[in-house]
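Only one chain comes next, encoded as structure tokens, the form predicted on its own.
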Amino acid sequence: MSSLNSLSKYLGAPIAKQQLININLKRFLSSVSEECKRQSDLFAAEKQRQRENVGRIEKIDVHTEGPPEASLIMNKNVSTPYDCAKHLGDKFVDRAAVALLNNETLWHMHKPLPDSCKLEFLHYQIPNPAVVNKTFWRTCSFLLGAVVSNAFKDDVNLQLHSFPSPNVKSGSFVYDVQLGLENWKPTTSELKVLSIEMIKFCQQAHPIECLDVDKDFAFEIFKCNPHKTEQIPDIAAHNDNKVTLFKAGHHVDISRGPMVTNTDHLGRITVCNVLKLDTDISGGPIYRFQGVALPKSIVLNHFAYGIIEDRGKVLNSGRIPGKHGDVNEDNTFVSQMAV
């Protein structure tokens, strides 16, 4: 079966290559599943409810470590590092990937601050960017899940499973997905379509929101995904009975966090390969979607990026999900520097 006919089987009727890409993009950008919309609406309603339950607003002192240094009076459990960055100017808003709280704890830019603190904004050009790179890689996996979840026609059974903790040295970011296709081997054209969809999604500049919710709410959000519901009890047990959710556009998922601030931080993106995994999970084959990406602020020549793409095609060494053992990323929202 040709690559175009193979892809059309899952994404549409047989058509010319350029038409295929255009129609597929149009479908992805204009058609989001009802389940995604339901999850998104629940997330928004819960975020609003939590905001209204804050009660009397207390003030906190936030000292930003420079350059520039500044002392800000912000609102406890309401103001975020992103709000603080806006007081310093567009440069800090645009480039900050993740915040560093009190010189030791990574903090998501859209997560409300719980108390007075010292705050530093980390970006991709800092002298030791390891923690920023891991935050970026984690975000790429999350966004790959967003793209894959809406890339196939409704008659293809698809359930997002999980993604391993970010490891830049592995050569690729990944998302493991249960897909109702036996022995699917994507062609170059099919991978190109997925890459374009991810680029277009990120170019919409979705803020990446986050929310801590209780276990029962998490069950309601993911009631249609048996893998997520199976993972929730263990996640909550290790996180004060809370589950941390992230949202970009209509896509909602579970992750330890933190993520980068906005989808437009991603620049060059390639979905390099999809490989069927050998796993004992029931319900259908598990495929590992693998990709590579660069922050928009990082420029790399075509030859060097091609080497990165080739490495991203090799099966990622991250843990393979199974019935036994840890199958989800640790959900501690506040990530220590060693992570």
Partner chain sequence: MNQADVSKLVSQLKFRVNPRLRKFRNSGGPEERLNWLRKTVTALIKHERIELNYPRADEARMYAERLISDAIRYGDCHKTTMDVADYWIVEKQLIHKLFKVLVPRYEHYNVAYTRLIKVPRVYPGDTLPKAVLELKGNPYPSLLPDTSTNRGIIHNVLLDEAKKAYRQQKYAEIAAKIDAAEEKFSDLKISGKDEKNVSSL
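Numbering follows the first chain given and starts at 1. Given the structure is predicted, the values throughout are model-derived calculations rather than measurements.
There is another form of this protein, the form predicted in complex with its partner chain, and it is not shown here; the text below is about that form.
Only one segment in the set 261-269, 192-200, 145-153, 168-176 has residues whose heavy atoms sit within 4.5 Å of its partner chain in the model of the complex; it is 168-176. Checked against its partner chain in the model of the complex, the residues Leu277, Leu294, Leu42, Val32 give one hit for a heavy atom within 4.5 Å, which is Leu294.
Residue Ile308 is the only one of Ile281, Ile60, Ile308, Cys36 with a heavy atom lying within 4.5 Å of its partner chain in the model of the complex. Within 4.5 Å of any heavy atom of its partner chain in the model of the complex lies no heavy atom of Gln159. Taking the partner from the other structure, its partner chain in the model of the complex has no heavy atom within 4.5 Å of any heavy atom of Gln204.
Although the partner is absent from this view, Asn77 stays clear of its partner chain in the model of the complex, with no non-hydrogen atom inside 4.5 angstroms. Put simply, Phe222 is far from its partner chain in the model of the complex: not one heavy atom of it is within 4.5 Å. Looking at its partner chain in the model of the complex, residues Tyr124, Pro127 and Ile298 each place a heavy atom within 4.5 Å of it.
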